[in-house]
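In the block that follows, a single chain appears as structure tokens, in the form predicted alone.
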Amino acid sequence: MLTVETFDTLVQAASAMTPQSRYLGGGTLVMRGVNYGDQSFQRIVRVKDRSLREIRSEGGRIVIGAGATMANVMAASETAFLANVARQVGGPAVRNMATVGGNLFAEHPYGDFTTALLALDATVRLSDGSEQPIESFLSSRSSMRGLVASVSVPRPMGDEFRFRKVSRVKPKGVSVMSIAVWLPRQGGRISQARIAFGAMGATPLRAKSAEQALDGVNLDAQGIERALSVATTGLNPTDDSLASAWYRNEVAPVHLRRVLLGEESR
């Protein structure tokens, strides 16, 4: 029998979690499992604390509560640079429910928002107050203990942050891949770029060879040529019903070029 338990705080909920429990944020992942008869859990844990939806500036970073929905991200002035990413998550009904914390655990073809957080070098804060860089969090999320309280990101300047969701035209929907880039500049040249791909591995992954190839170059067709040639180095796409690994490897440099040069998304 499936039971639901409600707690006042995230700390209380975290202490109640067991391998047979699932945390309910927005419900877009957990309730889908319920509807499809997932037998791997018997208890749903939820929290009443509405502060988990807060979005605020803190110490030069933007803190986004794990319970903030995509609609909240789109509406908040602090996260205006992420509004385009949130807008591409599902339709209006999904965006009103899907949470930032839940997106951290969404597997492909979902989880596009997490790709953006990876490019922005986000920090994940857990219910016990500990913090973890998002890259290490993603590598261990399947065995994570505790619950996510919030994520924090720096505020990029101008057009430094860019995002592209690659999906089929007909039917249009979930992503074949997603690409997020953060392109800080010094003296007009790229410095310490971060590039993240979704659907190019078991979790969103950084294209570190491409990042290194961009260091110190001008953001133009000639400057990015080397980065495009190594764009998929270290990535590990697989075949699925949306696209083959071969196709993803072939088109990834094409779409990365469009993102880097600021070309219009379809």
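Quick caveat, the model's predicted, so the values are computed rather than measured. From 1 onward, residues are counted along the sequence shown.
What comes next is about the form predicted together with a small molecule, which does not appear here.
| task | Could you tell me if all three of 63, 133 and 192 have a heavy atom no more than 4.5 Å from the small molecule in the model of the complex? | result | Not one of the three qualifies.
| With the partner removed from view, which of 102-110, 75-83, 154-162, 182-190 is the stretch that lies within 4.5 Å of the small molecule in the model of the complex, judged by heavy atom distances? | Stretch with heavy atoms near the partner: 102-110.
| Hey, in the model of the complex, does residue 28 get a heavy atom within 4.5 angstroms of the small molecule? | Close contact exists here: in the model of the complex, residue 28 approaches the small molecule to within 4.5 Å, heavy atoms only.
| the small molecule contact in the model of the complex: residue 166, any heavy atom under 4.5 Å | So residue 166 does not count as contacting the small molecule.
| So in the model of the complex, does any heavy atom of residue 207 sit within 4.5 Å of the small molecule? | Outside the cut-off, so no.
| query | Heavy atoms within 4.5 Å of the small molecule in the model of the complex: does residue 138 have any? | reply | Taking the distances in the model of the complex, the answer for residue 138 is no, it never comes within 4.5 Å of the small molecule.
| request: State the residue from 122, 98, 196, 177 whose non-hydrogen atoms include one within 4.5 Å of the small molecule in the model of the complex. | output: The residue in contact is 98.
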